[in-house]
Each structure stands twice: as C-alpha cells, then as structure tokens.
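Next up: a single chain in structure tokens, the form predicted on its own.
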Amino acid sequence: MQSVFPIGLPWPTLMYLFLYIVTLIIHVVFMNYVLAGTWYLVSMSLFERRKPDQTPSLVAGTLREWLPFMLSAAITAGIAPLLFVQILYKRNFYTANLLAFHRWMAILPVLIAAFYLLYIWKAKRVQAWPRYFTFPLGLLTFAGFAFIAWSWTENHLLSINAGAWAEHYAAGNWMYKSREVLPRLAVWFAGSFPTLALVLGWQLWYLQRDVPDHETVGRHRMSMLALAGLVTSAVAAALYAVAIPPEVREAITGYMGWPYVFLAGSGWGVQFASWLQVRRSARLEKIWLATASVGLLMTLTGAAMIREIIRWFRMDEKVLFPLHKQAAEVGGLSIFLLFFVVNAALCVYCVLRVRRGLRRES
C-alpha cells in the first residue's frame, strides 16, 4: 500500500474498520482502569500505611468502590469490537481461537473468578483484614487479569502469523512463543497507567471540587502514576518496534503509518506536559485534566491504527475484501444504527438522572 492506511480500501472495509477502532478505544479505557487499578491496589495494600480506624485513603477507597463497575463496563464495551474483529479478520481470528483453544476457553472462568474477587476485595470486613490476607487476595485478582491480557496477546500474535499455524497444531502447544509477546504485553500494561491516572484523576477532582483552598488529595500520586506509565510505555514501544519484522516496521514509519506515529507521539507529549503541570499545581486543575484527556485520545487512536497496520500488513487483503462486501450486503445496518441511537440516549438519560439525584443529595 503506497498511501496512508486505510485510504483506498473499499467502503465496507472502511466502515467495519472505523466501527472496530472506535469501539476498541472505548473498551480499552475501561480495561486499562481495571488492569492498572488492580495492580495499584495490590502495591498499596503492601506498602501504604493504614489509618488507625482502618478506613482506606480516598484514592484506594475510590478504586475499590469503582473497580467492579469498571470491569462490568469493560466486558460490555468489549462485545462490539469482538464482533467487528470477527467480520474484519474472520479466518485468522477463528483459526487462532481454535489453535489456542484451551487457553482461549480458560479466559471465561478466570474472568468470572476475578470479577467476584473484586467484590470480596471491596467488602469493608475484608479491608480490615491483616495484610498477609489482603495482599494474596489482591495478587490473585491481578493474576487473573494478567492471565487474560497474556492470553489475548498470544492469541492476537498467533492470528497474524499464519506460517506458524501448522507447526503449532502439530506440536499441540498450549502456548505460542514469539519474541513479540513480552514487549507487546509490556506496551499494553505500561500504557494502562496513564489511562487509570486520568480517569481516577477526574473522579478525585469531582469528589473534591467543592473543597476550597485545599491541596487535592491524590494529585501528586496521579501525576507520578501517569508520568511513570508514559515513560515505561515509550520504552516498551521502542522494544516492541525492535521485535517486529523489519518490513512491518518500515510500513509503520512509511506511507502507511507515519501520520499515526505522529498522532500517538503528539498525544504522548500533550499528556506528559499536562501531568507535569498537574504535579506543579496545588490542585487537580480541570484544564490540565482536559488537555491530558485530549492527549490520551490522540495516543489511543494513533496506537490503535498502528496496531491494525501491523495486523493488516500480514493479511491477504484480496481475500478479506469480498468477505467484508458480503457482510455489508447481509442487511441489518439500519436496525443496528437505530438501537445504537436508542441505547446511547438511554445511557445519557441514566447519567443525567444520577447526576440530578446527586445534586439533590448535596
């Protein structure tokens, strides 16, 4: 392809790709909150000094309260990109699932167990337990999410390496070994912390918005969390760039991907500058959270497009185009859009009702 990805692709492919990217970014925000939030709580349960009355800090308490909901949102928001990826990369997606069948099927019970562990972890009675009970509980919860992230990474890399399918099947392997697994997983894990810091930063800002002339609790910690995540994710991205084949790397930095490298890098810079300002301020200022939000959206969009370029470069597009055309002709788009609008309106209505109720209570 001698043009910017995905210019020049047929409209059915463009439509499904657009829907996939948009829904994937929404899913990633919730997913990052859960992954990084669980790890943060595990670390804090080991090192943070407890209050005499055993009540958690504002940061830890907010996280514990919201993690089960965020996991529910991540699962719900994950359905749409899961459907669109099956339309876009049908043969590769299904083949990888079958080859990694046991690992793939293990995700569901692990996810259910981790989901209920979050509720146990949230219980006030459990929070009062000694650290040698709460730390293993938290570590087990995080291990569940780490297993899911690891399995998704292996599944994705196996799906885009058709040359390894026969050998993988013949050997009966449960694991797919590739030099790309660890750096790719590191990019996702490190990149989840700036997202957590931003969403949690907005939550802390809202909870303390009426506190006058007071240093916002969690400001310094959110900024350090975000800055550390940005630096380590950049290092991990550089290692991942070294691990991928040279021709794929040239496609990313060449015609196909240079705008998205620029977009992701610019977003990284906007986030870094915004969090530096937060660190210097006495409060979590709305303006810097807003600019960090813009930067995060730029980075996630650029990273999602680069991710698809890496996958698309290894696909046979001549096989994919007729499948996308066939899927677009099946029908149902108008019904899908109708229910999308109806459900979006219901979500907005629920948020407005809750907001109105909170204002009355205050």
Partner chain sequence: MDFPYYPINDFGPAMKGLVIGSLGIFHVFLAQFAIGGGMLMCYFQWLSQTGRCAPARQFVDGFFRFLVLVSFIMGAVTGVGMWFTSIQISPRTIGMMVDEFHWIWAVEWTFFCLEIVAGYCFYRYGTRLDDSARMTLLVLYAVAAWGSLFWINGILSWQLTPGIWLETHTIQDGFFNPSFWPSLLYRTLVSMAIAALVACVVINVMPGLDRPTRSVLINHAAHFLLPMVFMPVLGVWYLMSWPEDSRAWVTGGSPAMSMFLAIGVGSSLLVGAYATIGIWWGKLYINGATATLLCALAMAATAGGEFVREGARKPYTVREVLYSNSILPSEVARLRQSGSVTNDPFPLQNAADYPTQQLQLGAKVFRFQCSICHTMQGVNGLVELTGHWSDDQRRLMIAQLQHTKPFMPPFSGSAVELESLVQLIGWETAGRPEGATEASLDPEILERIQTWLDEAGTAQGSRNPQK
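These figures come from a predicted structure and were not determined experimentally. Numbering follows the first chain given and starts at 1.
As for the form predicted together with the partner chain, it is not shown, yet the points below apply to it.
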Review point. Which of 129, 101, 255, 262 has a heavy atom within 4.5 Å of the partner chain in the model of the complex?
Key: 101
Practice item. Could you spot which one of 115, 147, 202, 272 gets a heavy atom to within 4.5 Å of the partner chain in the model of the complex? Key: 115
Review point. Though only this chain appears here, would residue 238 touch the partner chain in the model of the complex if you measure heavy atom gaps against 4.5 Å?
Key: no
Review point. At the 4.5 Å heavy atom threshold, is residue 9 in contact with the partner chain in the model of the complex?
Key: no
Point to revise | 4.5 angstroms heavy atom contact with the partner chain in the model of the complex for residue 86 | key: yes
Exercise for review: Verify the contact flag for residue 321: yes if a non-hydrogen atom of it lies within 4.5 Å of a non-hydrogen atom of the partner chain in the model of the complex, no if not.
Suggested key: no
Review point. For the chain seen here without its partner, which of 245-253, 185-193, 107-115, 222-230 has a heavy atom within 4.5 Å of the partner chain in the model of the complex?
Key: 107-115
Check your understanding: Though the partner is not shown here, which residues of 288-319 have a heavy atom within 4.5 Å of the partner chain in the model of the complex?
Key -> none
